[in-house]
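Just the one chain here, laid out as structure tokens, in the form predicted alone.
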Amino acid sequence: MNPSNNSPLSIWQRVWRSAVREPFTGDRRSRLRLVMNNLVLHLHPSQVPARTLRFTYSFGLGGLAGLLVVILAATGMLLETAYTPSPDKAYTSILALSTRIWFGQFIRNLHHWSGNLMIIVVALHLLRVFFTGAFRAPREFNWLVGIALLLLTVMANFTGYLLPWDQLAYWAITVGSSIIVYVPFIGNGLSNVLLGGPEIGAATLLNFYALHISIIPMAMLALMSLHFWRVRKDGGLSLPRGVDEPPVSKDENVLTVADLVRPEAVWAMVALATLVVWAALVNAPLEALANPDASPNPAKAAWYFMGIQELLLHFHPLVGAIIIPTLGLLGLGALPYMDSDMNSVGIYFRSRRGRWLALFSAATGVLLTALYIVLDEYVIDFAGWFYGLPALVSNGILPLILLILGIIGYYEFVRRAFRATKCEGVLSVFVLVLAGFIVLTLVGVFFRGAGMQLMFPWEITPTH
């Protein structure tokens, strides 16, 4: 019966009522129950602390990553209907998107740029969590889940990189997958399993396709569910506060509908509109059909692996491709357990001194890395200086020991020279290494020409 006039419900009203049992009236009780009874809104608690709504604290990066997942899933399913994962048809499938299928090029552009943007957004989200100290207890495990999600995001992009089967994709995957060979004991076997043989071919394309459309997305869905659940169970977002503000244990709560959902919806529409415009104006790259007999010079990995490819120019492959990245990941995972200062949670860069140290460390990391790259190009010659030693020792172990001693020395220098606390020292080392890795990536992308020689961008001649 219709409660307003006691008349029988129409068939459409009965269908609607079967799906939405409680009508939304807009009052406080209705808003609370809407969050609790809605599958999507139930990702949020029914009320949130007012402070956590500050845009400049989270920048909506977690929500933006979720939006990109939805866009990638939707555009990916559409692309599947027009794509054939075989070397003789993959490239023509991509060409057909721009010539025979309505909005095919636009959908591919949207998928391509969303995938690249997602790597940046997930990395920035992880950095935001670290810089605000939001990875500390009780959120340590969720920090580890976040790292796993970042790795899966990179793997999703890497496996999708090959699918167009053009020169850019083929040789980028060739360079990227060659890193796996350097894994001790199992490198060759692991490479054969991933590539489906000793070199890239039809089996590789099929393997990457299966990983890209099913295995990795399912793993990401499972970890994202765990991540969201842990955010709720760990008390939601940490409370932001000013650099001189004392710790805040409680804050005024506001309703999720509409104090949180409304700005989220506006931010999502702005982000979606920006992506749509970008995808309409800028095409995803597509070069000539893959040719295994014609390697470009230089052959570069995907941009997110260029930092590691640059390391290969300065260290023995086992050290540059395996040991240093592994130590970096282990260090990243250990951060919540090394830095347990709860007094700075919610403050960007820990303290007023921490902010200056972050700037100082970023500048130091940029200068030292750039200086080392230039010196290693023209002056440093560990293999020649220690002639007779195995290359792994002279060009791998020795530089690695110097690198580790340099990082430890920088930590001690910051602690003593600036009287930094332990968490400020950890922050300084983190920023130092991060700045160095960014410089390595930028140099690899923009300053490496033929033969991977160091040169200015305007001196590099495209060879694809």
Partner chain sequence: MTENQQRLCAPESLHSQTGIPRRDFLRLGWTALAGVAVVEAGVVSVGFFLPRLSEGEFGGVFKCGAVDKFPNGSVTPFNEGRFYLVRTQDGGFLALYRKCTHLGCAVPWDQTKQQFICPCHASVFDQNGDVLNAPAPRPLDLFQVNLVGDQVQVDTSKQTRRDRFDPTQIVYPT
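Residue numbers count along the first chain shown, from 1. Because the structure is predicted, anything quoted here is derived from the model rather than measured.
One more form of this protein, predicted in complex with the partner chain, exists but is not displayed; see below.
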property	result
Listed residue that, although the partner chain is not shown, lies within 4.5 Å of it in the predicted complex (heavy atoms), from Pro390, Pro246, Gly235, Pro198	Pro198
Residue (of Thr274, Ser340, Thr99, Asn297) lying close to the partner chain in the predicted complex, criterion heavy atoms within 4.5 Å	Asn297
Pro292 within 4.5 Å of the partner chain in the predicted complex, heavy atoms	yes
4.5 Å heavy atom contact, Met452 to the partner chain in the predicted complex	yes
Heavy atom of Val175 within 4.5 Å of the partner chain in the predicted complex	yes
The partner chain contact in the predicted complex: Asn188, any heavy atom under 4.5 Å	yes
All of Ala358, Ser361 and Val433 within 4.5 Å of the partner chain in the predicted complex, heavy atom check	no
Residue stretch of 260 to 268, 200 to 208, 140 to 148, 224 to 232 approaching the partner chain in the predicted complex, non-hydrogen atom distance within 4.5 Å	200 to 208
Within 4.5 Å of the partner chain in the predicted complex: residues from 175 to 196 (heavy atom criterion)	Val175, Ser178, Ile179, Val181, Tyr182, Asn188, Asn192, Val193, Gly196
